[in-house]
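Here's a solo chain for you in C-alpha cells, the form predicted on its own.
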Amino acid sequence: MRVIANLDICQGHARCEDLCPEVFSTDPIEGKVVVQVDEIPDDLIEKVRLTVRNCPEGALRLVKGNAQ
C-alpha cells in the first residue's frame, strides 16, 4: 500500500507528520506534506490509516499497489 497526497488541497497543518513521522514530513519551503516512503510497511498500515482519516482537508489517500 502507498499514500497519495493531493498538494493542491493540503494546507500544511502537519497533523500527518505529528501522527506518523515515520511516513510523513512537511516541506520546509512549501509547508505541505511530503510522503517519505513509496510503500507503507505492514507494521505502519493502521497508523497511516488513522493519519489519512485525520487529515483536515482530506488531502491524503491510501491506495493498493500502483493505483493513482
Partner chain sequence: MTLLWQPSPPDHVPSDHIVDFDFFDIPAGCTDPTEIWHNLVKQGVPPIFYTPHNGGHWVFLNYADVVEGYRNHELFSTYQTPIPPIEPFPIMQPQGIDPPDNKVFRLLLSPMFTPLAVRRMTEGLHARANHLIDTFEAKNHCDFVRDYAELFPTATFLELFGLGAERLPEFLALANTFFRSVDPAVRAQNVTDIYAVLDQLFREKNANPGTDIASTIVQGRDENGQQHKWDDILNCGFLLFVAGLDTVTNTMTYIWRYLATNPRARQHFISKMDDQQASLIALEELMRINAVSNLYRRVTKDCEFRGIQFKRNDRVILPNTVANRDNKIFENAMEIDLNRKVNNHVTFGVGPHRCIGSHLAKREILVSIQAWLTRIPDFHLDNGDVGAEAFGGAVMGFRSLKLRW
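Positions refer to the first chain, counted from 1. Since the structure is predicted, the reported quantities are computational estimates derived from the model, not experimental observations.
Missing here is the form predicted in complex with the partner chain; even so, the following discussion is about that form.
Legend entry - Exercise: Gly31 in contact with the partner chain in the predicted complex, heavy atom 4.5 Å: Yes, Gly31 is a contact residue.
Legend entry - Non-hydrogen atom contact Gln36 with the partner chain in the predicted complex at 4.5 angstroms: No - in the predicted complex, heavy atoms of Gln36 and the partner chain never come within 4.5 Å of each other.
Inset, instruction - Find out whether any non-hydrogen atom of Cys55 is located within 4.5 angstroms of the partner chain in the predicted complex, and reply yes or no. - result: Cys55: yes, in contact with the partner chain in the predicted complex.
Legend entry - Partner proximity in the predicted complex: Asp27 to the partner chain, non-hydrogen atom cutoff 4.5 Å: Yes.
Inset, instruction - Assess the spot marked by His13, Pro21 and Lys47: is the partner chain within 4.5 Å of a heavy atom from every one of these residues in the predicted complex? - result: Every residue of the candidate spot has a heavy atom within 4.5 Å of the partner chain in the predicted complex.
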